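Just one chain follows, in the form predicted alone, and it is written as structure tokens.
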Amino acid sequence: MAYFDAASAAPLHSVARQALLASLDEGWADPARLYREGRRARMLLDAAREAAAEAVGCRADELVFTSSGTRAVHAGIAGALAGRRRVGRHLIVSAVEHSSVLHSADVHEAAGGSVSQVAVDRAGSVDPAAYAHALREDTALACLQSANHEVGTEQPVAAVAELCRRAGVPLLVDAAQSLGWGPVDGDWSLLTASAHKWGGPSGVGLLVVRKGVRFSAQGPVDERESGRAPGFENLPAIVAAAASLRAVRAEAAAEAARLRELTERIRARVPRLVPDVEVVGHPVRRLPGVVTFSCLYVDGEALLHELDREGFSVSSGSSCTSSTLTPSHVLRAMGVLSEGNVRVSLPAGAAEEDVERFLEVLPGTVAAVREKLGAPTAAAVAREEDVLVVDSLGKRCPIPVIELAKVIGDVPVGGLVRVLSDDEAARLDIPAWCEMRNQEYVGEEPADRGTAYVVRRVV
């Protein structure tokens, strides 16, 4: 089985496994106690903190270990907002942040705070000038991920951090996806990360708060981890997380170059091998092992199941692979095609022959899924004056787009097609299809049920 979902969770690094097993015997005692076993545990915890701080590029007393990356994000945002409540209650986030950041923003807004969401371009990248425009006198905190978890686009953190520094606003960076590859550049104020993203054990997060940043931990606190992460430390997992971070950093340069070549191979060959595919994410400023593409006329869930049968573990941001039946907020913010979405994120050590086999299997797998979906029935198409109406009500992605594609040739150049759909994904996928096929997306119109999406034939 070829595991291509390292952006969700990387396989446990061999160094992490060794450190975990060793510290189970040596690090079981309470590191806050003064007897011999406690002192031994404290030495392990201090050494892990020093190693992690060195990898991050911060002081050891600025870094605490949390129970997860999500917990680090929640604690970091809440503590920074509370620490600067006298300044104001305005929070800035990008539209493609991890859900843990966006959920924190929702909680803040529900409690009476204000939130500005910075848009991204079609590559998933923010414009630093947009952050500068969003900054206000009452801005308490800004957040920006170092690299996107779905499409791999790296963000201009250093430029945004400098703008925030000039305005006196702390910047929190979610570095979960990038920290294993190297430190985050720029004069950021807070940083979060998650060990299972770089090959450490799950259940360990990092929260860094630079000296001088106003911070007030929220909720019940105790004496552990500077009061910022209450509860008994999972010392064996922490030791393993720090050891694996050091190990992957030692391998990062060579492995990044190797994985970039493999993902570039996928980016270049998939559009040649599979018709009607859009490769998304920045072509250059991206994580070494991540490549994402979307296939027209494909059910994302069916595609993932077929690839799983062929021996490949990948993930998807398509709405038909989620319980909400809405497309990924990242793909939606980028304005790119969401149907038939596939994210390939290669782990360290991914084999070249597995990538080649994936490229061999993919065309036939996509073709099989498209064939199973079938062609639209004649009953689905009707004429309404000079407009061709496609009734796709009750049908989920990618059927509305398939039916649009089947009938666009039935109208003269300049003619209109009106697609009726009650699937939220159509709001993203129909405009994306128009851009890919050089047709004009006119816009939405109200309908008795669902929404009417109007397309003008150009070619």
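Keep in mind that what you see is a predicted model, and the values were worked out from it rather than measured. Residue positions are given as counts along the sequence shown, with the first one as 1.
Keep in mind that the form predicted in complex with another copy of the chain is not shown, yet the notes after this line are about it.
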Non-hydrogen atom contact Val459 with another copy of the chain in the model of the complex at 4.5 angstroms: no
Exercise: Asp61 in contact with another copy of the chain in the model of the complex, heavy atom 4.5 Å: no
Another copy of the chain contact in the model of the complex: Ser104, any heavy atom under 4.5 Å: yes
Gly212: touches another copy of the chain in the model of the complex, heavy atom cutoff 4.5 angstroms: no
Triplet Leu21, Glu37 and Val314 all within 4.5 Å of another copy of the chain in the model of the complex via a heavy atom: yes
The single option of Glu352, Asp185, Asp308, Asp138 touching another copy of the chain in the model of the complex, heavy atom within 4.5 Å: Asp308
Contact assignment for another copy of the chain in the model of the complex, among His196, His90, Arg370, Arg84, heavy atom within 4.5 Å: His196
Which of 283 to 291, 212 to 220, 256 to 264, 328 to 336 lines the interface with another copy of the chain in the model of the complex (heavy atom within 4.5 Å): 212 to 220
Another copy of the chain in the model of the complex - contacting residues of 216 to 244, heavy atom within 4.5 Å: Gly219, Pro220, Val221, Asp222, Glu223, Pro230, Gly231, Phe232, Glu233, Asn234, Leu235, Pro236
